[in-house]
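Shown below, as structure tokens, is a lone chain in the form predicted on its own; questions about how it binds or moves come after it.
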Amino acid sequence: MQSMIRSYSPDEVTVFATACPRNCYSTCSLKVRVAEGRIIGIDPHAANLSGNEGPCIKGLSYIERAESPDRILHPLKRNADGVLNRISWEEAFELISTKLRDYRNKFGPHSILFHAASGMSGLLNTVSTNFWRLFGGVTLTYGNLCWPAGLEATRLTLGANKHNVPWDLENARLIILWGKNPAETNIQEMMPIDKSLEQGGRLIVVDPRRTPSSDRAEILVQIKPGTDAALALGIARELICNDWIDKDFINSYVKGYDEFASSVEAYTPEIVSEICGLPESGIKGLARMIGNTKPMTLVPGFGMQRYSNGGQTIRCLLALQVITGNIGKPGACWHYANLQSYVFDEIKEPESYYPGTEDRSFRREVSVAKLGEDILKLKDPEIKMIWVERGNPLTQNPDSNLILKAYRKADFKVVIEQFMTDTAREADLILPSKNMFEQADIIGSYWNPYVQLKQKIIEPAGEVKPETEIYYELAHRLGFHPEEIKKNIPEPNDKSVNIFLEKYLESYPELSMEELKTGPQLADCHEEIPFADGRFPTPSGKIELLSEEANMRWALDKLPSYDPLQSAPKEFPLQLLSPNSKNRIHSQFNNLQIIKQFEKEAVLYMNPHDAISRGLKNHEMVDMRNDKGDARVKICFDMGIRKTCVVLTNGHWHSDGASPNLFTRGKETDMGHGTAFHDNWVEVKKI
């Protein structure tokens, strides 16, 4: 790859402003250097105040990713012997259009499952939904793998998912990272955290394991996983008993405080200590710090709400911010999700994930949390064809073996991919996917406040066609009405794509394409400190600790409550955690050499106490199993992990030896149709 090592003069280099479209907090703004039609450098964009120090290793690896020798560059069809062979696009389009007609005519359009995930964000993703609606509707998925329980908990309480700008964190005098490890998964967030600490701020981390983020903290609270709600309610009781609350704020802006105060009386330090496996003195000390240090920002991670009690857990944590008055002020914030840049969404997350939010042509949907189970249950018609794009469900959705069974039951599977993932390996037809540099799009962020243009920078490699072009070609072959095609799917050229995107900008003149080409922009409706006006878009117009909707929609307690997880089975006593890794965004980047040098294979991290008691040695291969699956994996001793917990990071492909989802079960969270990945236990034995 000579373009990576040759020196170029300034006249030979063109610099483009763009943004990373991955499912990542940071959504980094980048400047990309191009010479001779190739990416030669990736640099930070100073206009993004959330992260102008530079991209992470994954962002830097885009240079390799664009030109990887493993990239799929041509359509591939599986023959009768199971071998994938290169075919032409004409053959691919003819095969797909024939299959689509046949399945629709014989079994109805709902015999086809369309499954799209979060592999690349952007407004052009709406084209796929447009196509399948024009086709007559197909079976879709509902729910989300990532964060909807927490989104729904926040929506029920505050009315909207928005938080202070990321750089406001430096104004906090107390920051609590509760189940979040930004030093690895949101590295840009560590900059304002460090500035707060330099100014005398304090940092608490609540996490079952020691992480690079907790190494910066004054206190690490190694809680028993799944009991976070009990700890929050115990702290709330201490705050109330000691009068460390903001009565004026509560009286003005909060519904249900008296009922909440009564409900937490049972959560004494003694009881919470037993539930959470923490010392009573530590619980009281946490409450003292929280009640006497302002302003405070609480930053919850997504992992806690990936339990079956996840939504109620988030409501309990949020209650701490509410009763101390740490909402709507500089440095005082519930820092979970900021959807302010999603200005083009008619229905915002999490409600957009719920069944029935699409039009009636998509009247049949399956749960992403229970994907394998739901597909296998479908009748009249059964699923005959599966179409996957922007996702790798055989790695990322729970219960891999059951999904594999469901996929293999289907007659025909199409996967649009850049690399030979676990899901692509099961496809009958693979279509090469664009990368982030090969088509323009507009993206938002769920952490920083910016709307950004992901510019087209280079021409697609090989025979790669963007998904919009694939749909355009198929729409014509299937005989869609020309006016409907024109309205819903851009023609396969850059001008038409830009016109399609500009339509979204018509209501936002401050977000012109020309301005977006220079770097990240803010919509005029953006609030730097949300809720500063004391207005909350809830049914009561107040913060709702007592939520009627929580009961009516989800059949849960109206108040934040702790609902214990099921006890660990005797035969599987180790609780499996699958946090995100600094080396991947879910299962993306896993195959690149720049990443492989840091993490060659899946590793199971264990507390030495648990390992030695089983006769296991550091770095040996072990047998890891539960009732859902088994694998051989290398263990690594880690004194920083709470006893009886093991960690296998999210995103490992099955070809790495062990994907966490071999061991997870398909189960939804208590609200939001999220995925309860962490309600899982395993055993580890010597081979």
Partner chain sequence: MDVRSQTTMVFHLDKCIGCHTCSVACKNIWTDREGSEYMWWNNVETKPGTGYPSKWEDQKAYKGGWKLKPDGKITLIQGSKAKALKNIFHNPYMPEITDYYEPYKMSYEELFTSPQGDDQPTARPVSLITGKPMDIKGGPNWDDDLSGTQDFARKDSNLEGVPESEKQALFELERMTMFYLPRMCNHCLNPACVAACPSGAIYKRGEDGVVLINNEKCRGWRMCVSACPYKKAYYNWKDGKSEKCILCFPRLETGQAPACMHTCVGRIRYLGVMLYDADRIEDVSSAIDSDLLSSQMSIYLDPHDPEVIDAAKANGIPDSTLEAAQKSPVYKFVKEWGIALPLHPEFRTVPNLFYVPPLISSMGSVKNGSYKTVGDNLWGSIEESRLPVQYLANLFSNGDTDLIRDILKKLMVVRNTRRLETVGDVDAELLKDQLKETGYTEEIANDIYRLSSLPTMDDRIVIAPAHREEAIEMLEATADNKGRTGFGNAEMPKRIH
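Residue numbers count along the first chain shown, from 1. Computed from a prediction, not measured in an experiment: that's the story for all the values here.
FYI, the form predicted together with the partner chain isn't displayed, but the following is about it.
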{"item": "Position in contact with the partner chain when the complex is considered in the model of the complex, options I275, A568, L134, L404, heavy atoms within 4.5 Å", "value": "L404"}
{"item": "Option touching the partner chain, based on a heavy atom within 4.5 Å in the model of the complex, out of A440, L239, A217, V464", "value": "A217"}
{"item": "Candidate spot K195, D422 and N591, all three touching the partner chain in the model of the complex (heavy atom, 4.5 Å)", "value": "yes"}
{"item": "Which of 530-538, 593-601, 369-377, 105-113 lines the interface with the partner chain in the model of the complex (heavy atom within 4.5 Å)", "value": "593-601"}
{"item": "4.5 Å heavy atom contact, L60 to the partner chain in the model of the complex", "value": "yes"}
{"item": "Any non-hydrogen atom of G200 within 4.5 angstroms of the partner chain in the model of the complex", "value": "yes"}
{"item": "Distance check, S655 to the partner chain in the model of the complex, heavy atom within 4.5 Å", "value": "yes"}
{"item": "4.5 Å heavy atom contact, G629 and the partner chain in the model of the complex", "value": "no"}
{"item": "Residues of stretch 557-581 in contact with the partner chain in the model of the complex (4.5 Å, non-hydrogen atom)", "value": "none"}
